[in-house]
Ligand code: G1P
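Shown here is one chain on its own, the form predicted alone, set out as C-alpha cells.
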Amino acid sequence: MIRPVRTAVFPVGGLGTRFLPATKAMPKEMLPVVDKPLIQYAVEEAQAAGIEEFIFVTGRGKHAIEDHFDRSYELEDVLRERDKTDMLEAINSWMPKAGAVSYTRQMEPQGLGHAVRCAKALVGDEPFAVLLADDLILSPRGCLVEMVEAYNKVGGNMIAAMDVPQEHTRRYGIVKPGKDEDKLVEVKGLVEKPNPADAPSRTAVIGRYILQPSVFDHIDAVERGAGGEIQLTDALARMIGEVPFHGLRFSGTRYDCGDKVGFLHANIAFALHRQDMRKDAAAIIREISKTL
C-alpha cells in the first residue's frame, strides 16, 4: 500500500552568504521574485500538491519567515479601511490553516541531511516531501504536483531530476540510472558532486524530494560527506534496493535562486510570465539591451 504524502519539510536554516550584504538581516528565503518571497512560492507549490502540514527547519535570524506565515492584523485593518480588497486577498488567500505550520531549529548548519533529520519528531512515521526554496521552478502544473502523481503509482523514494551539462555535474547529486522510460528514471545509484569525468550520468538531483520515513535511520548512520557535511544524497544512496527509487524529469524550467545570476534570471522570467507585467518587462529588457 502506497501511503499518501501529506507533510512537507522546508529546510531554511542556511546563512545565505552568497547574497551578502542583502541577507545580513533578512533570510535568503525571503528574497522576492517579483512580489513574492522564494519561500512562499515553495509553500504554494506544496499546497497545490495536496500538502496539509508544513514544517520549517530554521536557524538564527529567521524570524521574518515565521512572521510571513502569520496574520498581520494591523496591516489587514489598514487595508480594510482603505478598501484594498485585492491586497487583502494577496496576503491571506495562500496562508496555511491555523495549526498547519510548525518550526524546529537546526542549531548549526551541517548539511541538508542534518536539516532533514531535525524534522524527524514532527514528521513522524509517514512519507514526506522536502522542498528547497532556492530551486524555483516555473511550471504549468507544479513540480511537486507531478511528483505526487507519479509517486502514487510507484511509491518509494522520488527525486526531481533534470539533465545538466557534463561540466556542471560537480555541482549536484548525480543519478546512476537504471530503466529510463518516459519521464521516470530508475535510480540505481547516487553520487554527490562527482568530477565530470567520473559522473555516472548527466541526470542531476534538483531540490524536490518525496521520502520514506526510514530515511531518518540512514541519515543517522552516514558519515560526513562532500564539504564535510551530512549529505542527504548519501543517506538516499543507502536506501537503493530497500524501496522503489525513481527520478522524475519534471515539466517547466528550474532557476537556481541560490545564485545571483540565477536569481536575476528568475525575476525576469517570472515577470515576463505574468500577464500584468509582460509588456512592461519586455520593453525594459529591449531598452537596456540597446545600451549594451
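Keep in mind that what you see is a predicted model, and the values were worked out from it rather than measured. A residue's number is simply how far along the shown sequence it sits, counting from 1.
Not on display, but discussed next: the form predicted together with this ligand.
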This ligand in the model of the complex: within 4.5 Å of a heavy atom of each of 135, 205 and 231?
yes
Of 265, 249, 238, 254, which residue is found within 4.5 angstroms of this ligand in the model of the complex when only non-hydrogen atoms are counted?
254
Only one of 185, 123, 147, 112 has a non-hydrogen atom within 4.5 angstroms of this ligand in the model of the complex; which is it?
112
Does this ligand come within 4.5 Å of any heavy atom of residue 209 in the model of the complex?
yes
Residue 176, heavy atom within 4.5 angstroms of this ligand in the model of the complex:
no
Distance check, residue 218 to this ligand in the model of the complex, heavy atom within 4.5 Å
no
Touches this ligand in the model of the complex: residue 103 (any heavy atom, 4.5 Å)
no
Among 91-99, 137-145, 210-218, 186-194, mark the stretch whose residues have heavy atoms within 4.5 Å of this ligand in the model of the complex.
186-194
